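Quick heads-up: it's one chain on its own, the form predicted on its own, in structure tokens.
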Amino acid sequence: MTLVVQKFGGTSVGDADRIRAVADHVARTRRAGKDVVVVVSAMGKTTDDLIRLASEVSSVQPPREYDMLVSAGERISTALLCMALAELGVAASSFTGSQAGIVTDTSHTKAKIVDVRAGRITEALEAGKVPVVAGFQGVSTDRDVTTLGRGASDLTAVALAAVLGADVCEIYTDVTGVFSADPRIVPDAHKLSRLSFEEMLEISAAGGRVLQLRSAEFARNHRVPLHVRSSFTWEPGTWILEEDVSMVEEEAVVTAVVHDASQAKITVTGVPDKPGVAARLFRTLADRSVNVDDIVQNASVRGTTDISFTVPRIDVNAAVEGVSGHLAALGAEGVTSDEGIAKVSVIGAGMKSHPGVTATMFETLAEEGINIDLISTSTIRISCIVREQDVERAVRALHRAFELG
């Protein structure tokens, strides 16, 4: 029998009417002869409300207790959806992340999955039930409740799909799929019917918010077919599959233009240009769990250089404090931060075999009078750091230049 994992985000289960609509869709899928495993997020703004409540109660929020608090929202969603399914005559059982067998490391608030022991989910399926699993959470090897990071219900769904050998993992959200650019910025952006795992991974890493980065990476590593769809229209969305090499030449050179305005630039000045210094610098950041993205090192002048890199804005203080505390050990002169930047990227599998994309991108930005601060590339992505106030204009110009409308 076909096995489908269906994940529903917070807006999809935002109130009682939405939960009943989701239950009806799950019931119809079940009546079509398919086994279904459901993963749900917390309702609407529940997680945000819990975080705000924690701040009102105390300025001290131990990570263990934080995870215990914010994981409550998903448990509410699972129970309510099971009740709605019971109303429709569909047998269902709710499971917390722990009960579903999601085992993580001991890093609270950003835990990583180390194992999935889905025995109870398999037993529920064999009993003819629909397992409804709380996303975003698990249990650590120390037997504490952990959470996987914001947006990680996608990761829960993909991990379960991989372990259970599901035929597809359907990610239901409030948009109809993945678009060639953010439709709020580019009105003529179009929905992409198909993407490769590599393209989706680059889109997520570059700032695309439809699919969480770690879930895209997990799907790529375990070859889990994904279908990103809307829970409001139920229409076909964007399929994310293994790349069909025979189709690459027929596809557009550039698939999407993506932007990310949630980053900041850190510059460390007067860094000694000798082996081991950069290693010590980035080990300092890694020890503080600061994720570094783009990195540029200037040419050495009289034995010293400047190193610039981007980090999430939420990690700016940790990054600056960490580097500042090690300036003497590094032999560096100082550290500065700039939160007025944003990243714009062009992405496409066709870039592998088509020259000229870089030139077109730089020419387009130059024509718009947009200065480039940093540049980074992969085989299917080119990213430029620009001023935040210029990024939307850059997205629209590049979308036109590559004829994606």
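Residue numbers run from 1 along the displayed sequence. Not measured: the values here are computed from a predicted model.
The following text describes the form predicted in complex with a small molecule, which does not appear among the structures shown.
- Query: With the partner left out of view, is residue 150 within 4.5 angstroms of the small molecule in the predicted bound form by any non-hydrogen atom?
  - Reply: Contact with the small molecule, yes.
- May I ask you to check whether residue 74 falls inside a 4.5 Å heavy atom distance of the small molecule in the predicted bound form? Close contact exists here: in the predicted bound form, residue 74 approaches the small molecule to within 4.5 Å, heavy atoms only.
- Using heavy atoms and a 4.5 Å limit, would one call residue 47 a contact residue for the small molecule in the predicted bound form? Residue 47: contacts the small molecule in the predicted bound form.
- Examine residue 42 and determine whether its closest non-hydrogen atom to the small molecule in the predicted bound form is within 4.5 angstroms. Residue-level check for residue 42: yes, a contact with the small molecule.
- Partner-facing stretch of 278 to 286, 108 to 116, 302 to 310, 150 to 158, counted where any non-hydrogen atom is within 4.5 angstroms of the small molecule in the predicted bound form: Careful reading of the contacts points to 150 to 158.
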